[in-house]
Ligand code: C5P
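Take a look at this single chain, the form predicted on its own, given in structure tokens.
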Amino acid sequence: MDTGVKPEYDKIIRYSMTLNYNPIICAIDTTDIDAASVLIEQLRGSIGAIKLGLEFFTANGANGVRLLEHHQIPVFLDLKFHDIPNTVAKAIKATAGINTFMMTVHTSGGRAMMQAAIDASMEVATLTGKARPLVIGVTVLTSLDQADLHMIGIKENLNDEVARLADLAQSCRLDGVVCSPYEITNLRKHCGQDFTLVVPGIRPEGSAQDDQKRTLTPAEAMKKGATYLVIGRPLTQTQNPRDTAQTILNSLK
């Protein structure tokens, strides 16, 4: 099958976390760079990476991301690209000067768009001389349930829809997908052990569910086969983020 990936890029090494693997990614959901910096410093050593999303990037752009690089912590740039293939490729190439280890595209953007995204990530690696960033597909947002899918015209069972989109992403050589905790088991069986599963909707015992409709505890998600856990408010809205993160990390051992 033609994956759309240029042969000369086949040997480019994708980004991998250090041997001191920590699956916790903290979602830094703020537009305030100073507040983000304080929080990252509090969490450093207790988490594996930070996630910067649309809220932060819209307010601060690439320069805002660069201002946090001195913390020397991996950055998951979660911008969920979804556009025509050429635009998505150019958007990914535009991140070449930003130290990111992972980024996202919507799988519903289709085969050509995902192929353009993975190809662009390899060009970024060629330009920077660094391992290429992981490209992760967004399947069905964790804020959606079966009723929400029906309202937007998708009649397929939610789990089947997620699996179908994950299959498409894997066939395009994406590194993995974002999925809810309740899709982990099925996708791990479906896509194999090397497929990266990035899991939001993680809520430690006693945490509020907020706008996430499909949640599990960190330990439950890891037991099912998650690769990375994205945790936001349970870390960012606690009085002692470091202790909370360390408690979560200890629960995974």
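Numbers for residues come from their place in the sequence shown, where the first is 1. Everything quoted here is computed from the prediction, not taken from an experiment.
Keep in mind the form predicted in complex with cytidine-5'-monophosphate (C5P) is missing from the figure; the text below concerns it.
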Contact check for 29, 230 and 233 against cytidine-5'-monophosphate (C5P) in the predicted bound form, heavy atom at 4.5 Å: yes
Stretch in contact in the predicted bound form with cytidine-5'-monophosphate (C5P), which is absent here, among 196-204, 32-40, 65-73, 219-227 (heavy atoms within 4.5 Å): 196-204
Of 130, 80, 173, 111, the one that lies within 4.5 Å of cytidine-5'-monophosphate (C5P) in the predicted bound form (heavy atoms): 80
Partner contact for residue 178 in the predicted bound form: cytidine-5'-monophosphate (C5P), 4.5 angstroms, heavy atom: yes
cytidine-5'-monophosphate (C5P) contact at residue 107 in the predicted bound form, heavy atom, 4.5 Å: no
4.5 Å heavy atom contact, residue 100 and cytidine-5'-monophosphate (C5P) in the predicted bound form: no
Residues of 38-65 having any heavy atom within 4.5 Å of cytidine-5'-monophosphate (C5P) in the predicted bound form, listed in sequence order: 51
